[in-house]
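Given as structure tokens, the chain that follows is alone and in the form predicted on its own.
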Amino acid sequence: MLAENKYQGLINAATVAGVANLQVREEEGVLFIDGEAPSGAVKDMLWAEYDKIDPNFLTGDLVMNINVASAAPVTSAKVTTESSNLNIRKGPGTDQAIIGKAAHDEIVTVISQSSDQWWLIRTKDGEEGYAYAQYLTPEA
């Protein structure tokens, strides 16, 4: 349980923040944390906590599968890429795995504006992750 010890602060933060259905398991040296955050701000906070423990998420010994509750407050934005699809990533950074795509001109749900560069979004198909904010235009 070395990975669990390493990420105990992250697990504690998830518990204190009210992550529902929190499940932690370790398989072959990789820690999996699953659950449902009550808001986008909580998910953003967990990624920030993860970044403190493993700067730039480089070790690859954690998989955080935390989605935001569908009842959390949200807004909409339009994907404004030149013509290509917008990558949706597991976490806030280009080093994070691409977990989906949003089509050019698609309207997505903005769960939180994590930073000036990365927004947490959800597509109409329910894919949730971080997208580069430069390619998102808030809907009026």
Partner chain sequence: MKKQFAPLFLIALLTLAINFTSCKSKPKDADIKATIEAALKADPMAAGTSVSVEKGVATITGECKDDMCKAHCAEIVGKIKGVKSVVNNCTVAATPMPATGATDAEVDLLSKGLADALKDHPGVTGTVENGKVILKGEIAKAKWAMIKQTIDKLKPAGYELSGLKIK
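Everything quoted here is computed from the prediction, not taken from an experiment. Residue numbers count along the first chain shown, from 1.
Beyond the structure shown, there is the form predicted together with its partner chain, which is absent from this document and is the topic of what follows.
In the predicted bound form, at least one heavy atom of residue 67 sits within 4.5 Å of its partner chain. Looking at residue 77, you'd find every heavy atom of it more than 4.5 angstroms from its partner chain in the predicted bound form. The closest non-hydrogen atom of residue 15 lies beyond 4.5 Å of its partner chain in the predicted bound form. Contact annotation: residue 62 falls within 4.5 Å of its partner chain in the predicted bound form, judged by heavy atom distances.
Taking 30, 103, 53, 97 one by one, only a single residue has any non-hydrogen atom within 4.5 Å of its partner chain in the predicted bound form, and it is 30.
For the partner-free chain shown, 116, 117, 118, 132, 134 of 113 to 134 come within 4.5 angstroms of its partner chain in the predicted bound form, judged by any non-hydrogen atom.
By 3 Å or more, the C-alpha separation between residue 117 and residue 54 grows in the predicted bound form relative to the form shown here. The distance between the CA atoms of residue 131 and residue 31 is at least 3 Å longer in the predicted bound form than in the form shown here.
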